[in-house]
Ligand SMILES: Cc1cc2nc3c(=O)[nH]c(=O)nc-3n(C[C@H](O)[C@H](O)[C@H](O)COP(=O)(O)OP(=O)(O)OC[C@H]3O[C@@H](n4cnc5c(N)ncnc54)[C@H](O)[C@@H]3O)c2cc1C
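As a starting point, one isolated chain is supplied in structure tokens, in the form predicted alone.
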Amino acid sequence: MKDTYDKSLPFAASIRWIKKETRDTLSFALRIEDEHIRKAYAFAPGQFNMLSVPGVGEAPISISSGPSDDILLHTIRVAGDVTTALSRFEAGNVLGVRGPFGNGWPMERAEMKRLLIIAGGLGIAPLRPVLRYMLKNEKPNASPAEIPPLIYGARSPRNILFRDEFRSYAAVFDVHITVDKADPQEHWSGNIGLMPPLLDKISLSSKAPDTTAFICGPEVMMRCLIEELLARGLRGENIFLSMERNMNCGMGTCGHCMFAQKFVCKDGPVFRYQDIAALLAVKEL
């Protein structure tokens, strides 16, 4: 029988290392202190944990490590009281963790169908476990038709998260990166502009009805891209997106993350597009 623990109660995790990803974004590698919980803990790509700082509070943070990685990674943008407090932590400090919570990405669909991954800004953090999983389970001698596109957009080159990892992703994915703008001193030679035009660089056409899309990023970005994908023949039931709301309890009891009749923390954060299409007000084509 698999060991269990009470996910509603916080457990201690120590910080093994901290990496500064961008000016205001940090990645924290954690190790669960309790051996029993460490053995029992398992998460699905797309789930999140509640990270807590004593005397300050807790915040929902997506898990950004791969399912089989030997560390538990969380990537945060410093924006509120909890994340500001976390930004002052150092390796060796201990924080509280509850979880994992929520529904993740439907990885079985990624195995069965052609996959398209689209991320904007910090939205790549909840998708990084998918990328790590697929990198580890790379199909040898995959045909060009089996290589999944990966589209990522950031405000500027210096805001690209996990920038040093994209070279390894290129071995498995057809990678396309764009930035909103680039200063001359950044020596950026890649795409500049919005993300939808990058869809013209990948081959969908006849494969569109059998393509599954995983999308995470700012809501306005996701609405725009979903409309573009529908116009290109993707089916609404094959589009999945990760939503963000003010999640306090992680278990659907406090009501802070209500999304119409759904709880983002419990029914999401990953939703099938068709289940929330009316809430996003994307025009079906």
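Numbering starts at 1 and follows the sequence shown. The shown structure was predicted, so the numbers you read here are calculated from the model rather than taken from an experiment.
Omitted from view is the form predicted together with this ligand, to which the following refers.
Looking at the partner-bound form in the predicted complex, is Leu229 within 4.5 Å of this ligand by any heavy atom?
-> Because no heavy atom of Leu229 falls inside 4.5 Å of this ligand in the predicted complex, the answer is no.
How about Asp81: is it within 4.5 Å of this ligand in the predicted complex, going by heavy atoms?
-> Although this ligand is absent here, Asp81 would touch it in the predicted complex, with heavy atoms inside 4.5 Å.
Wondering, does Gly217 line up within 4.5 Å of this ligand in the predicted complex on heavy atoms?
-> Close contact is absent here: in the predicted complex, Gly217 is far from this ligand, nothing within 4.5 Å, heavy atoms only.
Non-hydrogen atom contact Arg98 with this ligand in the predicted complex at 4.5 angstroms = No, no contact at 4.5 Å.
Can you pick the one in Leu241, Leu234, Met247, Leu30 that has a heavy atom within 4.5 Å of this ligand in the predicted complex?
-> Looking at Leu241, Leu234, Met247, Leu30 one by one, just Met247 meets the 4.5 Å heavy-atom criterion.
Report the residue, out of Arg114, His176, Arg77, Arg163, that has at least one non-hydrogen atom within 4.5 angstroms of this ligand in the predicted complex.
-> Looking at Arg114, His176, Arg77, Arg163 one by one, just Arg77 meets the 4.5 Å heavy-atom criterion.
Counting only heavy atoms, which residues in 51-69 are within 4.5 Å of this ligand in the predicted complex?
-> Ala59, Pro60, Ile61, Ser62, in sequence order.
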